[in-house]
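In the block that follows, a single chain appears as C-alpha cells, in the form predicted alone.
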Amino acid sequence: MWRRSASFVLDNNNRFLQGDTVTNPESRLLSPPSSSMAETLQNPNPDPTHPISPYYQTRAAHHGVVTSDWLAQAQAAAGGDPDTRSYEPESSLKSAASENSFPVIDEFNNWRKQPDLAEAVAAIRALASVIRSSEATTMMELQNELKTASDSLKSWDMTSISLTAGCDLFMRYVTRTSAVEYEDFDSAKSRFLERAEKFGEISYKARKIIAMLSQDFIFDGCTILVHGFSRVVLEILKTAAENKKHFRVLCTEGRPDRTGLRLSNELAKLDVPVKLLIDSAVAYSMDEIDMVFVGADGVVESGGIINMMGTYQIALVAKSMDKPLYVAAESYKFARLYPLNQKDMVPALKPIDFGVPIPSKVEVETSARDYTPPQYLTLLFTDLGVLTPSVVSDELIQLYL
C-alpha cells in the first residue's frame, strides 16, 4: 500500500517529468535471483563475530531480486534474433563495467564492524566511498554508479526499512543539486562528495541530537519502560545518567531475540537501576511506569512506526492507562510506506525457539515486527526536532522532494 502514499506519487511524477522510466516495484519479485545474490539474501551476515541487529537476521528466501546485470546475462544466454544482436556490444561493456565496479557491499560490511554504527549510516558511508573511488568521466556515469551501488545495498537486505530509506535519502540529498547543471565534471564530483560526507556526518550525529532533545522529558524519580534494544534509546538514557538524573528503567525481555537482556546489561554498566520483565508483564507493571520509550525500525507516512514485535501491544496498554509513549528515531528511518494494517508490509521473519519440540501441525507466528498506528504515539524525538505524529507526513514529503 506504500505505492498509494502522497510522496511516492509526487516522486513518480517528478521522474516522469524528467523523462525517467518508473519501474514497477512488483516486477522485482517475478524472477529468481542469481546464485551469489541468493546466498547474500540467505546469509546477509557472513561474519558471525559481528552479528547485526536481530530485526534483520532472517530473510524471506522467496523474495527474488532482478538486477540489470542478471537480465543482461539471461538475455545473452537466451541468444536472440539478429535484430537484438546489435545490443551485444553494449551489454558486454556493461558487464565489464560491472566487474570493475567499486565493491560497495564489502565497504558496507567494513563500516558495519563498528558496533555503534547504525546499518543505514554504514550504507551512507559506503555510498560516499563510491563517489570518492569513482573513475567516471561524466555526471551520467557517476549517477549510474551511485544508483547501481544503492540498489545493491538495498537488495542486500530487502526487509530492512532503515537501509532502504537511508539509501533513497542519500541519493536525493547528494544528487539533487543545481551545481551539476553549470559546473565542470571535477567540480560537480567534488560537490557530490562534499554533500555525501555532510549527509553522512548529519546521520552519524543524529543519535546525539535526539538524546539532547529528549532530556527535558525525563524528570528525577521517574520510571521508564523500554522494549528491546535500541541504540538511540540507550543514548537517551545514557545522557540522562550523565546529567545526574535519577530514574529507574523497566526492560522487557524482548522475545524472541531477548534484546532486552542486552539493554539491561548496558544500563547496569551505567549504574542505572534496572528491572527485567517478561513481555507478558507489561500491563501488570504499567501502573508504576511514568513513560514509555521505544525505538523504531521505520517511521511511516501516517506518523506511525514499524518496530520490534510487541511494540503495538505496549502502546495499547500505555494508551488505555494514559501513559505517554515516546519514539526515538533518526530521520534516515523515515520511509515512503503507508501500511494499513499489520499484514500490509514486507514480512521480517525470525525463527523462534520455544525450548520444547513443536508438532509439525502447529503453526508458529514468526514475524519479527509490528505496526503501531499514530494515535497511540505521544511524540517522536528525531534529529529534525520533536514531532507530533501528525507532522511526520509533512516532514517525509519534504525529505523526499
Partner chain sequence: MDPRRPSRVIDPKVRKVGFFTPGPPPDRTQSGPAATTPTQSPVSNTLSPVMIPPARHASDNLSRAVGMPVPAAPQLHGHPPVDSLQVGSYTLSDSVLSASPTRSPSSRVGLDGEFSEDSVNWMKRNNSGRFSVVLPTGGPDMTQSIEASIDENTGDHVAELPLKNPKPLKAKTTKAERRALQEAQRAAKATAKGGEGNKSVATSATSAPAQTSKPVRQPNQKKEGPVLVSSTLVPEKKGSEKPPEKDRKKEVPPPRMQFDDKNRVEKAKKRSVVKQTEARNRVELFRHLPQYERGNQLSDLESKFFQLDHVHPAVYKVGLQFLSGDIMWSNARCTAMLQAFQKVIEDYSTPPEKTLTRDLTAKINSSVSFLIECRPLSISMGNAIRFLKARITKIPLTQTESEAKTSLSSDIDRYINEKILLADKVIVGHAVTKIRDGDVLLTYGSSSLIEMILLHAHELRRQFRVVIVDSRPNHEGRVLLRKLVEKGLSCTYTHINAVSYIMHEVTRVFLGAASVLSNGTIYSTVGTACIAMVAHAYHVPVLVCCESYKFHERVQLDSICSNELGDPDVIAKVPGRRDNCLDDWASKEGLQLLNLAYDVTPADYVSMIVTEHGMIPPTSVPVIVREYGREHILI
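Positions refer to the first chain, counted from 1. Because the structure is a prediction, the values reported are computed rather than measured.
The next section is about a form of this same protein that is not shown, the form predicted in complex with the partner chain.
Shown alone here, R336 lies within 4.5 Å of the partner chain in the predicted complex, counting heavy atoms only. Looking at E301, you'd find a heavy atom of it within 4.5 angstroms of the partner chain in the predicted complex. The shortest heavy atom separation between K198 and the partner chain in the predicted complex exceeds 4.5 Å. Within this chain, E363 is remote from the site of the partner chain in the predicted complex, having no heavy atom within 4.5 Å. A single residue from the set K245, K208, R191, K319 has any heavy atom within 4.5 angstroms of the partner chain in the predicted complex; that residue is K319. Heavy atoms of no residue among M309, Q313 and P324 are located within 4.5 Å of the partner chain in the predicted complex. Contacts with the partner chain in the predicted complex, taken as any heavy atom within 4.5 Å, map within 318-346 to K319, R336, Y338, P339, L340, N341, K343, D344, M345.
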